[in-house]
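A single chain, nothing else alongside it, follows as structure tokens in the form predicted on its own.
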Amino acid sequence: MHILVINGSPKGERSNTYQLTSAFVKGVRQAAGEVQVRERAVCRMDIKPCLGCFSCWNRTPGKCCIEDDMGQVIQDLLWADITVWSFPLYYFTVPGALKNLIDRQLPMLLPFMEEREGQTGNGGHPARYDMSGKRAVVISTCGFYTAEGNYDGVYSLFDHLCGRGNYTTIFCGQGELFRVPEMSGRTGEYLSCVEQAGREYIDGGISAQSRERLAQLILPKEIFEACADASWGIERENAGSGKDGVDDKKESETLAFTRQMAALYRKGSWPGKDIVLEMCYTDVEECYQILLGKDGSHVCTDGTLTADTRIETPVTVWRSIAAGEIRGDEAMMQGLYHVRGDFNLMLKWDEYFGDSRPQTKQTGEIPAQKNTDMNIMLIPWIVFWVATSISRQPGCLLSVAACALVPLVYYRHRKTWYDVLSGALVTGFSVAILAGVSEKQMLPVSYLAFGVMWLASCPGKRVPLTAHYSKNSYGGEDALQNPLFIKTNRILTMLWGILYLATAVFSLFLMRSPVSSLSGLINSVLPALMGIFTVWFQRWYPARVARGK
């Protein structure tokens, strides 16, 4: 199979559209096997405008009188089985240099008039060469938030060139996002879809599902347009105020970057009160404030607001974080930036500035992601400790029943290894007591086993026990890649494990002392106090690290 890629962008391989074209051709290669590809970048070719002399029709049939690179292009078009036309939208049609190339295809036609069934327009010319079986794909990006309604001129042009319905299109709005490193996560997903479209194209055509995905917006309209406006570094209020616009004041790149970040704010996450985020870029000595409010965000450049959260960072570091080159939590742990004030904004960063994709119609039901639940692990232990202390045999039977019933909730929650182990251990301890072992011996042993289970999850690169459950509030599985989250949970897991080892020791002595009745009270109060400490520590420790301590 022969594929010709005609790159009509003046930027050549730096073209945003070329990224889509490369992804599409990659998908074709995967599906078609052996493929030969020729690429022609119009910006690097010598293709002069058509003279309209018609020499290629009457004096030198099939040959243009202009000696330049167009002759090679015609040979490539005859060689190709599939021609991919790749270009950005320029003033609602193709770039000028590409239009020259299209005009210069005249030698490929015969001069005679011909009416063809289903043709576009009221006139046509037959092909000089056999073009049957050849296919065309048109790939383009534009700077509007959507491609819809902006490609009328392109459709009209290619309807005449190829025949209506005889070519395949991939038109994408928000094309400038493909050159923004900070958007690589979202644009990468789109490019994966284009690659899938390439595979499907060879196997019978792009599917309706892929078409729907390709039509989805990368960013919502208002967010994209706010980001696009901010990228120019010119305030809307002052634009065009000077003669011929030459006096428009250019903002610093750092301020433009801050405006783009502010544009990503999800106003639906507004917590009920305004938040002032202060970005202090230490390497360029610039500081800006972002007001996050009910109706959106606003960048303040005069520093008149009182900051709730202040981030002190080199702009190079924050750009690397935004571009996905380094994780924000890793950069914090390395001391590359510091956070002052309310740390809650950092804990919920993804809620405020995370995925802002527009709502789209789903082509099928997507099963909800199951979360873990620490209660599944705790309930068998609590029933065992409380019920057995009250009544030996009924308490053990109730504990076994709890262990048998808990798995019934697995259909709603994701089970962990600790859930399964807890059920097995509690069942074993209950059976041992029913078999005649004293509960005064078995209860301390159960506390010991519980503490060891917590501590065993701490060494090395293991995920600490608490992290398996608290991750639900911090981004799910992605939280397990956060070193600060893991370290915080490792400390808490160790403290809980030590608490229950200590509980095992003093329970052994208390249950053999005259004040054995107090053991249940003490064993209830201490975990409650530890729970209060846990809630505090989960906020205090990350904030301490963020301050560089």
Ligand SMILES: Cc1cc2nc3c(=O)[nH]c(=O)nc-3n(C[C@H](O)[C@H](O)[C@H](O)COP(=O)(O)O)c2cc1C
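This one's a predicted model, so the numbers in the text were calculated from it and none came from an experiment. The first residue of the sequence shown is number 1, and the count goes up from there.
Beyond what is shown, the protein has a form predicted in complex with the named molecule; the following relates to that form.
Using a 4.5 Å cutoff between non-hydrogen atoms, Met183 does not count as a contact of the named molecule in the predicted complex. At the 4.5 Å threshold, heavy atoms of Gly143 reach the named molecule in the predicted complex. When the named molecule is considered in the predicted complex, Asn16 lines it closely, a heavy atom lying within 4.5 Å.
Taking non-hydrogen atoms only, Tyr411 never approaches the named molecule to within 4.5 angstroms in the predicted complex. The stretch in contact with the named molecule in the predicted complex, judged by heavy atoms within 4.5 Å, is 91-99, chosen from 317-325, 91-99, 75-83, 287-295. The contact with the named molecule in the predicted complex, taken as any heavy atom within 4.5 Å, belongs to Glu176 out of Asp308, Glu195, Glu176, Glu312.
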